[in-house]
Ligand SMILES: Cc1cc2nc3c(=O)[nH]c(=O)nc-3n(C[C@H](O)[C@H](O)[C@H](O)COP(=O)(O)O)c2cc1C
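Consider the single chain below, provided in structure tokens and representing the form predicted on its own.
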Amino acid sequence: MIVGRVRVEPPVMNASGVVASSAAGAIKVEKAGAGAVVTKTFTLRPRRGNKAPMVVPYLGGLINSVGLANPGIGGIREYVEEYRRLGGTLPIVVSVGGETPEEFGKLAAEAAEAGADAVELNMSCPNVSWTASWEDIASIVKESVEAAKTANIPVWVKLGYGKGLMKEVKAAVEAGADAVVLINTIPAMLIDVWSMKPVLGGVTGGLSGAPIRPIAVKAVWDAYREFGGSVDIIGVGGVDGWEAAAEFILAGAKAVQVGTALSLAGLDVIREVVEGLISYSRKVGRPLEELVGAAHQGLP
């Protein structure tokens, strides 16, 4: 299936920052049966990340506050070249995070020159300070996509849930984004009642996994109803099996990303999702392409 101008077959990949934080990890994702690999998020300058503990379990999901630890823009080329040297053959999507549209443009240009197949703009990470400082996120999204598009590479935009989400999707569409990835982790935190302090070293973090799936499905549903004919949608948030993946597809996603489940259950989840979707498609007698947004059919 063509997703965001990239052939992703099968339409299942890892979510940014999970397993494929290194090229060797990306190879493991490929061997597990994914249709594309997504890198960790690279920023213009190196980041050490937040203090430990960075990840804690919660109700079948995780709350993380990694803080985009990465070696900076110089690590993009090294990652892509190492993945290919290790025999990687899948399309590679480089996730990037910038504080300004100009930074997103520079990072996208580097990803294109390094040989990436697409760039995913991480515009909604709750574990860094600059996203909270953006007063008009929709405008930042539009300008960042426009800056990234000058690199002549497919541009995907990863957005977070909030009442302004559809405005942000619209801004991405108007700027020429090839796909929107919905949704990022949801801002969250835990407090230890005995120490009377936040559990995470970074104080607050992002909730992911099964607890947020109904919210993520709703986001995909809404985006498909408003913009389904204008942009491809990739669903992420609680994909822990084929039924969860099918739910996203029926809501309007052309592909899904698996994140938290890889940390909690291992790489076999990818194969289970892929094989389950194939079996489901056969049982209902319709190819996956025809099932995208099928839950909308017959509704007003």
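Everything numeric here is computed off the predicted structure, so don't read it as measured data. Residue indices: 1-based, along the sequence shown.
What follows is about the form predicted together with the ligand, which we do not show.
Contact annotation: of the candidates 173, 212, 73, 140, the single residue with a non-hydrogen atom within 4.5 angstroms of the ligand in the predicted bound form is 212. Checking 109 to 117, 75 to 83, 144 to 152, 177 to 185 against the ligand in the predicted bound form, the stretch whose residues place heavy atoms within 4.5 Å of it is 177 to 185.
For residue 15, a non-hydrogen atom is located within 4.5 Å of the ligand in the predicted bound form, even though that partner is not displayed. Using a 4.5 Å cutoff between non-hydrogen atoms, residue 40 counts as a contact of the ligand in the predicted bound form.
Using a 4.5 angstroms limit between non-hydrogen atoms, residue 55 touches the ligand in the predicted bound form. For the chain shown alone, residue 259 is a contact residue for the ligand in the predicted bound form, at least one non-hydrogen atom being within 4.5 angstroms. Taking a 4.5 Å heavy atom cutoff to the ligand in the predicted bound form, none of the residues in 160 to 176 make contact.
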